[in-house]
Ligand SMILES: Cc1cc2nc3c(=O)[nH]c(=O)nc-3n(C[C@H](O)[C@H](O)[C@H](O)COP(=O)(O)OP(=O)(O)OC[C@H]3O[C@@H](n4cnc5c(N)ncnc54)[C@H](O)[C@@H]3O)c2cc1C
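A lone chain, given as structure tokens: the form predicted on its own.
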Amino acid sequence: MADTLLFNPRTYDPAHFDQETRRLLRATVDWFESRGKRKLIEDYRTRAWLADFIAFAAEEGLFATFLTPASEGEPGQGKRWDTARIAALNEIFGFYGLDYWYAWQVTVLGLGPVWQSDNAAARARAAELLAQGEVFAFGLSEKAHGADIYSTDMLLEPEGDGGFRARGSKYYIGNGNAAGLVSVFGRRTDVEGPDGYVFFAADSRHPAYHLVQNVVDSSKYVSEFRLDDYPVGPEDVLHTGRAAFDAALNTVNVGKFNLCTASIGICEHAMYEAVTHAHNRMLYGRPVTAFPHVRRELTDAYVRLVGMKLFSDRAVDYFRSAGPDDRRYLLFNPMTKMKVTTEGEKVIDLLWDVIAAKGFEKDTYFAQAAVEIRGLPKLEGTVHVNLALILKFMRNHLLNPAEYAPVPTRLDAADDVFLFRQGPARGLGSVRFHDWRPVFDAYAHLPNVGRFREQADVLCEFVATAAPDEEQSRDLDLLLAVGQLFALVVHGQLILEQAGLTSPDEDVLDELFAVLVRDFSAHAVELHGKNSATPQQQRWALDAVRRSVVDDGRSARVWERVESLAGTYEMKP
């Protein structure tokens, strides 16, 4: 059977998009396929800069079409910032190699402060650079401080004409070797506190911009650069004061969403390779896939991957429907970044346990997938940072629902303008959510959805009666264990919402929730063992442990879907 849940270049036709979007997505797939697997792997192994990829994107107008808001383009060009088609392109880039995705991702980040700016000249300049095929960079991180924007050492000394001279270094800045525009965060030397922040536009080709090094051994150019008396004119200033701080955080809000679909693409390509290899490999006179533990691992990997896709697709709808009175995306965004990417690590680990030494071989995509999948949970904030952010929404989400109009599937050709008008980056504790329970009720006929719902209800009881007290709230180790439990409920909720919109195989859904029940139980046991867990919390944790509902017939049917992936896709040599 053909599996419609996974991306397959041989059958890919994004018919749900407009004609120009379909053409560009298909052209991107065809470009990679025409290069072939040997060239893809050779460039990865030799750390070749992505000049041919950037030239292709420039010729097709790919970045310009997908990353220019409609307000900055000419009518009829098809330019807009459309999260649905951006997500589709993320998946394709991840499928063929994270290096390509990275050049695109840091362009997204570099554009964030520009599209949020009231500086019309800077926006027009950025639109023109995109039309010329340039890439962009986001100059936030520093070697001594990481992404701690409170402590920036990029200093701007005022000059009499309203401009500045910038001095300082930035570190871990993607595309810093080639960016036509680098959005740089710094602070004025004459103003203390948040009022002194400045975001400004720099050009990597300027003589006062000094490229120091690529800090990683990769085709990705993750640069260190230094500005020495770099002239910043009034026309280069994007944001000042608190607005510069908000622009930094809101840019990350936009960009971090891209990590989930890149992770999905990596896992899909690795899945095809792993299942095909295991299906064709004989061990002790039998195919490797005849062994029960192999079937279980490949099935778990498959349903986790399906869950990643369902969650991310539904999160797109909340992103695109967001507004001043609906900021639910602020929870679903770190969820995609943290939960989906760590699920990706689990998928690769399960596949690797099956294919073993094959995963190291230099002629496989899997060898790079196993390395690159590790980076995504660690970019745009670590797992711990995003879990801590997710916790801010837990009580309101679980216990204090609000009424909202239903959010439809958002595949329309619209410009997501609110993403660049998010406003102040605060007030997270006041965000309200719709009731998560009805979607679980709609799937109560699936045994493992019902079992997981029991665990979610017990978590509500924990939050209401045994939540961490003031002293425990300073124990981040304990809180992160609680955050993992809450994240599972949100993950399950959006999976079921998307299932209700797309009607995937219910055997696959029930098998997926069997895995989530096991995950919830494992995190509950972890909470039980935390040093500061109270006796009441320890009892609660053990009471939350459940056994998944076993159905051999269901598992066998899902295995048939997994096995059918063997031989359905292999990249051209």
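These figures come from a predicted structure and were not determined experimentally. Heads up: residue numbers just count along the shown sequence, starting at 1.
Although not depicted, the form predicted in complex with the named molecule is the subject of the following passage.
Trainee: Heavy atoms within 4.5 Å of the named molecule in the model of the complex: which stretch among 203-211, 425-433, 263-271, 133-141?
Mentor: Answer to the contact question: 133-141.
Trainee: Going by a heavy atom distance of 4.5 Å, is Glu380 a contact of the named molecule in the model of the complex?
Mentor: Glu380 belongs to the contact set for the named molecule.
Trainee: Applying a 4.5 Å heavy atom distance criterion, does Gly193 contact the named molecule in the model of the complex?
Mentor: Taking the distances in the model of the complex, the answer for Gly193 is no, it never comes within 4.5 Å of the named molecule.
Trainee: Report yes if any heavy atom of Ala369 sits within 4.5 Å of a heavy atom of the named molecule in the model of the complex; otherwise report no.
Mentor: No, Ala369 sits far enough from the named molecule in the model of the complex that none of its heavy atoms falls within 4.5 Å.
Trainee: Closest heavy atom of Leu476 to the named molecule in the model of the complex, within 4.5 Å or not?
Mentor: Within the cut-off, so yes.
Trainee: Identify, from the list Lys346, Arg281, Arg437, His384, the residue with a heavy atom within 4.5 Å of the named molecule in the model of the complex.
Mentor: It is His384 that has a heavy atom within 4.5 Å of the partner.
Trainee: By the heavy atom within 4.5 Å rule, which residue out of Val106, Val490, Ile373, Leu485 makes contact with the named molecule in the model of the complex?
Mentor: Checked against the cut-off, the match is Val106.
Trainee: Three residues, Tyr102, Gly146 and Tyr172; all within 4.5 Å of the named molecule in the model of the complex via heavy atoms?
Mentor: Yes: each residue has a heavy atom within 4.5 Å of the partner.
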